[in-house]
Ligand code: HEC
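As structure tokens, one chain now follows by itself in the form predicted on its own.
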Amino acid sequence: MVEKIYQWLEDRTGLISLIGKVAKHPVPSGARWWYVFGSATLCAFIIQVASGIALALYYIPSADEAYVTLQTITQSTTFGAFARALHYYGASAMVLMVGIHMAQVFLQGSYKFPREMNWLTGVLLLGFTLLMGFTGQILRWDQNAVWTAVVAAKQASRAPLVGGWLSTLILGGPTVGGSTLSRIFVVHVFLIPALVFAFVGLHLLLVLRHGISEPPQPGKKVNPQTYRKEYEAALKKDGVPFWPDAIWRDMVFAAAMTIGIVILAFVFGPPELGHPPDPSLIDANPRPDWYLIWYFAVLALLPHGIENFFMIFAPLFAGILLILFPFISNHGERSPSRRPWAVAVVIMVVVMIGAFWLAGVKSDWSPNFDPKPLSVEVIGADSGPIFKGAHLFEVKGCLNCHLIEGDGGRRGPDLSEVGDKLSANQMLLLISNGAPNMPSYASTLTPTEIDEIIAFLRSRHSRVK
């Protein structure tokens, strides 16, 4: 009976023989562990689809109910917290794998003739992956998510000519609201996955058409006139079928990655939900998930005056460069040992992203909205003008941006020893008139309150140890 069912399906569809041909397509025998990251990316995407479907069964994309449903999923639904954690760490794995895969393809020159289109579809899949991660963060619909959507819309609005249209497209209207969530939900759940499925299929078709690139050898150059014949001859000489000779490495690595995702989901759980969304509260510090926090740091550290130019043209320039690259350099050496500039580019990008990532984690430029209150020992008094000035320093938000003996924020200068640096008149001018990134307090503080804050700051001197 099984044999008859098999024959009937094969006769009517031809899928079984087609899958067999695809599985047994020859690959270079040297395609080993460096070639597993593409399959791992696909495996991570499958995890995202499975866990995303599970979450979508309970998630309600409504501005009034989204936050509550996520709390219910996390706290009350069976395996709900695990599903959220699996989706989060699966997204992290997908971003990491597609990044490593792109770096490997670039280092080994696998984007060269005839695989230019393979590279272009990979660039698009990288963009879709990052966009899927970004929109997924907004679907948490907590305070951080709402302000992330606002910041994204504000950045998009800086684009010339189409800025207003882009902002409205993101928010679904002039301001953030229920239409924003509905729009982001459609993009995250339907549009981006559909594009990923389509371009993954195209990417795989291109891999089957042109074959997996052979490991690069120093001195062996890509010549578009002779490459196809040389590649076919090499496959006939030492090529092996993808199934079962080569696929086992992909399966082992994908299984190890999946186990790692599951362990992280069980041990650390899902990302914590912040406060319920309230766009009227401005004491928020929206931050992207870890894989985008480096770009968050780049934007925060931009010199004043070039923000608009950088936000618009830097991503555009990077995208155009990635798209044009295989057409600029589609022949010649592939070996990293003969292409030191390629190795230098990858190292530079990794170091740059790592440095900005560390800066983003610290976020010294962001106010600290929950600083530790100043103790009597730090203030140096429990009554009088100095004590009152310290209290005003806290309640007026000065401590959010300035450090006092290690407590407070880092957005502004450390004022632990400001009494040694500024006179009372200089302090008065700064407090009354403000400074770059510091508001004027002349209209919000009485003369007596200003005097008390100055008394507190004048008491800040270096301590002899």
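None of the values given here were measured: they were computed from a predicted structure. All residue numbers are counted from 1 along the displayed sequence.
Quick note: we don't show the form predicted in complex with heme C, though the next part is all about it.
For the chain shown alone, Y89 is not a contact residue for heme C in the predicted complex, no non-hydrogen atom being within 4.5 angstroms. In the predicted complex, heme C stays beyond 4.5 Å of every heavy atom belonging to A455.
By the criterion of a heavy atom within 4.5 Å, N437 is counted among the residues contacting heme C in the predicted complex. Although the partner is absent here, G406 sits far enough away that none of its heavy atoms falls within 4.5 Å of heme C in the predicted complex.
Between the options W147, F128, W119, F393, the residue in contact with heme C in the predicted complex by a heavy atom within 4.5 angstroms is F393. The listed set A44, V36, L70, L415 contains one residue whose heavy atoms approach heme C in the predicted complex to within 4.5 Å, identified as L415. The stretch that touches heme C in the predicted complex, counting heavy atoms within 4.5 Å, is 424 to 432, out of 49 to 57, 36 to 44, 424 to 432, 22 to 30.
Contact residues in stretch 384 to 404 (any heavy atom within 4.5 Å of heme C, taken in the predicted complex) are F393, G397, C398, C401, H402.
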